[in-house]
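One chain is shown next in structure tokens, namely the form predicted alone.
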Amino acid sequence: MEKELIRLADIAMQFDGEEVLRSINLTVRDKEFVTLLGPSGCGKTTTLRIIGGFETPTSGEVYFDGECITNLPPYKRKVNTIFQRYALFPHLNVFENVAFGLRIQKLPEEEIRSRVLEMLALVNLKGYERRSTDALSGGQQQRVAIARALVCRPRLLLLDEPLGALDLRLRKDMQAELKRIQQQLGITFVYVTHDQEEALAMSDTVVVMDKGRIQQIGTPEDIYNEPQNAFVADFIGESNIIDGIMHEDRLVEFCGRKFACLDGGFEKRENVDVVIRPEDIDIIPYQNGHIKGTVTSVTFKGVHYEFIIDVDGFKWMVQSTDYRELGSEVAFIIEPDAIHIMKKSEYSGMFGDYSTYSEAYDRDIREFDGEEPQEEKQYEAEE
């Protein structure tokens, strides 16, 4: 295992008396690709700026390679940052944009040329040295920004939603490029995004944040398969989250019946949250299932169909390659390894029921048919 490179110890941050980070404790290892993931306003960019030296925490310490750097200014840290706006110099060509930091260091011209050309080759921009940055596509400008950040050979590269301005196809291409570059150079990356798929695809470690706190740290597989609370389960992919009762180890009750599961370590008859991913549910003939309901929404997703199924007022999401008609009665079974048990948390009851999803679908259908939505009629009557 690689040694520790960055450590945040009990970091807290306040802006105008409002606490935006609370008790942040995080270790980033050398050569690791770590992603800070969460919704807007969760504190991930503030955390990144504290690592980079652009913000000083209200309390707590930042360590780099074992040395406290909490009050060290950005230019003295062995860190470079790439922001969503690439901030390229429009009056300089590609070569000079990449060479800028090396010229500040007053390195010999031969070394500057060698290192700039090496970086341009690494980001697949060989032959673009004399191009104006204004003549480049968004993806090419992103590559120039990466080359400029890496040419100074930082120990750590911070990336704040750097792919947010790119279209979907180009963003996926750049995800693969960034991961390749990080592995090839062996530089530590700390990456900020709100895109769950991006985080799962690129990272060695994912740090899920909300309300200024770290909710869970783990590998992409751990975060997806073993979420620690309802927020993580809902934010990372789709999840059905149902109230349950643990009767004993590996036996949980929900939807009025008991199911075998693989989890244990809970109190007897402890109230829990039960997480079941939509792709882990098998639809079967109505008469044979554990759980029965009515299909209230059908969406074709290309690889599979996405169904919303009403089970006694609770709307489940189920993903299946088998088509079922809107309004049809169906049943499904759930295997023990598809059931994940979580302790109750402040997020319990906030996620996991797709009633709002189904209502939005129903409203869209009514509007398409020229029927006024019922809730709007009711609202006008109350007015």
Partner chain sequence: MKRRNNVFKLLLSGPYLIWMAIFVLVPMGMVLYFALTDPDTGRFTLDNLMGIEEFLPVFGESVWLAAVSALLCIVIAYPVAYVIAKAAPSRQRVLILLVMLPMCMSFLLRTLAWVALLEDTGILNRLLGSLGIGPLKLIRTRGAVILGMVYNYLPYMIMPLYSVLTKLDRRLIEAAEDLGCSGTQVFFKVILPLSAPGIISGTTMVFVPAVSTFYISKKLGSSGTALIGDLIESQFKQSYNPNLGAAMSLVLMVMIFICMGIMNRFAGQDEVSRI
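Positions refer to the first chain, counted from 1. Only the largest set of C-alpha atoms that superpose within 1.5 Å between the two forms is called the rigid core. As the structure is a prediction and not an experimental result, all values here were calculated from the model.
Beyond the structure shown, there is the form predicted in complex with its partner chain, which is absent from this document and is the topic of what follows.
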> Is every one of A230, V252 and L262 in contact with its partner chain in the predicted bound form, taking contact as a heavy atom within 4.5 Å?
Replying inline: no
> With its partner chain left out of view, which of R324, K344, R49, R29 would have a heavy atom within 4.5 Å of it in the predicted bound form?
Replying inline: R49
> Of the residues Q216, T188, T205, N80, which one places a heavy atom within 4.5 Å of its partner chain in the predicted bound form?
Replying inline: N80
>> Using a 4.5 angstroms cut-off on non-hydrogen atoms, would R130 count as touching its partner chain in the predicted bound form?
In response: yes
>> Can you tell me whether F54 touches its partner chain? I mean in the predicted bound form, with a 4.5 angstroms heavy atom cut-off.
In response: yes
> L88 near its partner chain in the predicted bound form, any heavy atom under 4.5 Å?
Replying inline: yes
> Given that the partner is absent here, does I104 sit within 4.5 Å of its partner chain in the predicted bound form, heavy atoms only?
Replying inline: yes
> Where, among 148-156, 113-121, 268-276, 230-238, do residues come within 4.5 Å of its partner chain in the predicted bound form by heavy atom distance?
Replying inline: 148-156
>> Quick check on F89: with the core superposed, does its CA move 2 angstroms or more between this form and the one not shown?
In response: yes
